[in-house]
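Below are two forms of the same protein chain, given as C-alpha cells: structure 1, then structure 2.
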Structure 1
Amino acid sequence: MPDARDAILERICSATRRGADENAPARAAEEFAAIARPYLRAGRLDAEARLHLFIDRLHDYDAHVVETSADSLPRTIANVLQQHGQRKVIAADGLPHEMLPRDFEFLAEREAGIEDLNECDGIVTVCTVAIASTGTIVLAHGPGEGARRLSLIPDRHLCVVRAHQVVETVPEAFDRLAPSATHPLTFISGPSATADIEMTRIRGVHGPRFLDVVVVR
C-alpha cells in the first residue's frame, strides 16, 4: 500500500497530466454532471411558508427581524436605527437612495476609512439571496452590498431582504449565485459568534455582534 506521500504525489502528477490535456475540461464537466445528487434541490413551500421559515430561522440565530412594505421601508430603517441609538451609520455604495430615510444622515462607504468602520454604530446593505432552510443571508458584494470589510468590521449590520430574494434550499441559492461564482461571497447566519474557547459563546469575533434584518414583503 503506497504511503501518504506517494499518494499525494500521484494525485498531483495525475492532475498535472490532466491539465495538459485539452479535452480534460470537457471530461471534468461530464464527470461532475454525472455525480448523483439525491438530496433536495428545489423547495416545496409556497412563498408565505418560505418567508415564515426564513424569519423563524433568523429568530433562532438571535437576529432582530422587522417586516415592512416597500413604501414603508425608509421609515422602518429609520426606526430600527433610532431604536438602537445609532447615529454614525455607513451606507453601502450603490444602495438605492429611495430606500434610505431622508431625515437620517449616512456616511457613504466610499468616504469611510478604517477608523470610520471601527467606530461607526453600524452599516446598511442589501443582499443577493437569502436561504430559508438555514436562515442565511448571502452577499455577493455588488452594488448596495458593500466590500467585504464593510460586513466584517462594524459592530452592527442592518440588511434589507426582499421577499422574492428568499429561496428555500441551499442548491437554489447557488443556482442564483452562479453569475457570481468567481466572486468573493459572504454567508451570514445570524450575528457573529463562536464557542471555540472553553465552550463560552462570544459574539463579534468574525463580524458584527448584532444583525438586524428588514424583510420587505
Structure 2
Amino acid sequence: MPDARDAILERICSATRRGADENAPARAAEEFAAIARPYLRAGRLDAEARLHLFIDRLHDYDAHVVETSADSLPRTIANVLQQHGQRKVIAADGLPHEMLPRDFEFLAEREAGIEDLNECDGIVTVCTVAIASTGTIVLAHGPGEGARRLSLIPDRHLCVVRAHQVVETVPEAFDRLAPSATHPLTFISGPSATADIEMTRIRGVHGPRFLDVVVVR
C-alpha cells in the first residue's frame, strides 16, 4: 500500500518536526558517527586466558568441550562420535577433508534430505568466530558451516573451533563478522533451552539437545 507508506513517512517527518529534507542522510550519518562508544570493545585477556574463559562459559551452558591439537583433530572427532554411539553423522559441505577421521563414514550434507536430518545421530561443522565472554559460536553458514537447517534439526551438533577464531568480547566478534554481515548468521550459545515452566532450565526443545565443541589449540 503506497499510501500507507507515504502517510507513515509523513507522520514521522511532522512528529520529528522535520520537513522533507534532502540533507537528512548526510546529517544522520554525521550524528551517528558522533555517538560515543565508551564501552569495552577490545578484550584484555591473553590467548590462554581467553580460551580458558571460553571453555568455562561453554560448561556453564552444559556444552560438552574437548580440547585437542590440529594433528589429533580427526582422532578426537572420531572419539567424540564414538563416545556418544553416533553412527549416522552428516558432515557439512565444504568441511576440510583432513579434519575428518578416515575410518568413519559421513553422509554429505548435499545428499541429506530432511528425513536424514531428522533421523541422524549428529552433524559436524566448523564456525566463523567464537566469543569467549559469552560462550558463543557464530556460524556464517559458509563452507563447512552448513545450511541453517543442518545445525537445527539433528539432536547433536559437533562444532570445531580453532583457537585463533576465539575473541574475547562481543564487539570483537562483530568486527570479524563485518564481511559476513549479509550472510545468514546464527549465534549459538549452548544447546537449545527453555525456562518457560517455573523458570527451570530445560535443555533441547527444538534445536539440538547436545552441543559438543572441539577446541583446536
Partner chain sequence: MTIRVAESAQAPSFQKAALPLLEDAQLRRNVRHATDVIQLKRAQVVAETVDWQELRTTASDTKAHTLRYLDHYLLQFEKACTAAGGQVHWAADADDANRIVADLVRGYGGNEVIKIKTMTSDETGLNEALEHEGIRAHETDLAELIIQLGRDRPSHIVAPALHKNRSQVREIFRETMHLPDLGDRPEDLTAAARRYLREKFLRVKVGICGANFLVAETGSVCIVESEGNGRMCLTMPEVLISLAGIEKVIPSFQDLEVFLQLLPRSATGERMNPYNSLWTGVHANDGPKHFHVVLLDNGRTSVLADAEARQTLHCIRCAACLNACPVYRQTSGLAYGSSYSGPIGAIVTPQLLNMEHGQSLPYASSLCGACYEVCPVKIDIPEVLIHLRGRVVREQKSALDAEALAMKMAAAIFASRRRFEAAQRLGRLAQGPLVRKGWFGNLPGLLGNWTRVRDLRALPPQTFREWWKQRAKNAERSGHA
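Only a predicted model underlies this, so the values are computations on that prediction, with no experimental measurement involved. Along the sequence of structure 1, residues get numbers from 1 upward. The term rigid core refers to the most C-alpha atoms you can superpose between the two forms while keeping them within 1.5 Å.
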- Item | Form selected (criterion: the form predicted alone) | 1
- Task: Classify Arg209 as shifted (yes) or not shifted (no) between the two structures, where shifted means its C-alpha moves by 2 Å or more with the rigid core superposed.
- Result: no
- Message: What does the CA of Met199 shift by between the two structures after fitting on the core? Give it in Å to one decimal.
- Response: 3.1
